[in-house]
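Have a look below at one chain only, the form predicted on its own, in structure tokens format.
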């Protein structure tokens, strides 16, 4: 049975904007789109969406998910087993961090001693275990395509500089000349360094994702409170006012 985009959004608990964005970047294309613009999702679409959300829970970037799902060697059953394994490992790490919080609380109250090693139990930023497993299953190519652009330290610094520049402008209107100059720089950066060409509509959709997906919001707002919302509005204005 085919479902409309709103029905899928309500079923899954994500926003319509998120589904529109997935469609815009070619990650999840509805089975049918009518002449009047209505999107209809099939059972197979829902199965793909489930896979996407498992990958997102494990913090895979959308571009990387797209590359993996398009690999001829991708096996859904195999992926589900890997999802399960790594979610169990993630749960174990979360349990360790909760225990670390409880120990730290007792330490602050003077109720126990705490070694430096204990203060950081549960944290591990040295590698992405899921990425390592993905390389084994689907080959390095799908993973490398998404990682290459940001391996260059200079590119990463450039990205952060743009974020910081925009963060200093959040008290100005998103349609202001200063904001639009900075958001133009962001548009050009994405199209130059990510390996993906963003149309104006896709760029606008990406901006919507910055506020629709709390993971985007959290990552962006570390440069300044409200930055994700500001960028979303600036990107919408940029896209709407640069159409031919």
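Note that the rigid core is defined as the largest set of C-alphas that superpose within 1.5 Å between two forms. Numbering follows the first chain given and starts at 1. A quick note: this is a predicted structure, and the numbers were derived from the prediction, not measured.
If you look for the form predicted together with another copy of the chain, you will not find it shown, but the lines that follow are about it.
- Another copy of the chain is not shown here, but in the model of the complex it comes within 4.5 Å of a heavy atom of residue 11.
- Shown alone here, residue 104 lies within 4.5 Å of another copy of the chain in the model of the complex, counting heavy atoms only.
- Of the heavy atoms in residue 57, some are within 4.5 Å of another copy of the chain in the model of the complex.
- Shown alone here, residue 53 lies within 4.5 Å of another copy of the chain in the model of the complex, counting heavy atoms only.
- When you look in the model of the complex, the only residue of 27, 179, 190, 49 with a non-hydrogen atom within 4.5 Å of another copy of the chain is 49.
- Contact residues in stretch 79-107 (any heavy atom within 4.5 Å of another copy of the chain, taken in the model of the complex) are 80, 81, 83, 84, 87, 88, 90, 91, 93, 94, 95, 97, 98, 100, 101, 102, 104, 105, 107.
- The two forms, fitted on the rigid core, differ between this form and the one not shown by less than 2 Å at the CA of residue 95.
- For residue 81, the Cα coordinates differ by under 2 angstroms between this form and the one not shown after the core has been superposed.
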